[in-house]
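Heads up, the chain below is alone and in the form predicted on its own; it's given as structure tokens.
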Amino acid sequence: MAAEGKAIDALSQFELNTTLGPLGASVNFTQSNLHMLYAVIIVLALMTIGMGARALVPGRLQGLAESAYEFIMGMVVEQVGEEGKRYFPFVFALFMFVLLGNVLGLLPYAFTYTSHIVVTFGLAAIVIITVTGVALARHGWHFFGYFFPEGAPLWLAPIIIPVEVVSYLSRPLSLSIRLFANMVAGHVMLKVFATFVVMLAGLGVVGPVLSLLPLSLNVALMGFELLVAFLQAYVFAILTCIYLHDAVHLH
């Protein structure tokens, strides 16, 4: 991150460019796609190598893999119930994909694919389509009773049903915008303060001294962004579990 002349360009970091040379350009393979591939490889390597040893006293990789497994499994069972175990792979894949997308973007020269609304909305759409499919498979046409609470007066149906349908369809919007907005806001702040460091450092003798303040703020922001990266993955996963609970138990 550096100053673009004397201006602060905080949004160029989100621009998509093709990678992998002519081959990537021919299929429009961008750095966002590349980092998604990195995320998948890292998760597969972690679970394959980490769980491959199955040592009685786990090493670091095995401990990390087991911790991730137990954390997500506990979340699924707590929110959905024992029936939720069958949906564990889905929630686990979502959590790890979002988490890696958030964390990889904090590395130098890396790209945060969760900073693009098309990616987060795509993930949220997958969640809602899956949840709706689960509800229809388990409850059939009775699923549509979800949009009109039992015992409610029939004359309220023209009001309640549209409100419930809009509320249901707004789930992918809220899921995607929350993740996208947090990632964009955090990275914009990081670049702004990093640019201040570069600009102030070039002011002569007092420049390096003045740049210490934005530098210290950037270090603090980096720690905060790591926390946000985990929290946003957790929120995405736990809301998915809540939606699955509604689909399984229909309330």
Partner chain sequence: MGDKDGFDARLNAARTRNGLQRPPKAKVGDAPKNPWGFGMRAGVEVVSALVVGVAIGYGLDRWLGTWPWLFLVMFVVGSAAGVLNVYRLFRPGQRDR
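Nothing here was measured: the structure is a model prediction, and the numbers come from that model. Residue numbers count along the first chain shown, from 1.
Below, we refer to the form predicted in complex with its partner chain, which is not included among the displayed structures.
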Item to complete: Classify residue 146 as contacting or not contacting its partner chain in the predicted bound form by the rule of any non-hydrogen atom within 4.5 angstroms, answering yes or no.
Response: yes
Worksheet item: If you check in the predicted bound form, is residue 181 within 4.5 Å of its partner chain, heavy atoms only?
Response: yes
Discussion item. My question is simply whether residue 79 lines the interface with its partner chain in the predicted bound form - judged by any non-hydrogen atom within 4.5 Å.
Written reply: yes
Worksheet entry | is_contact(residue 73, its partner chain) in the predicted bound form, heavy atom dist at most 4.5 Å | yes
Fill in: Which of 135 to 143, 106 to 114, 89 to 97, 169 to 177 sits within 4.5 Å of its partner chain in the predicted bound form, heavy atom basis
169 to 177
Worksheet entry | Among the candidates 10, 228, 239, 20, the residue which, in the predicted bound form, approaches its partner chain to within 4.5 Å (heavy atoms) | 239
Worksheet item: its partner chain isn't shown here, but in the predicted bound form which of 129, 118, 163, 154 has a heavy atom within 4.5 Å of it?
Response: 163
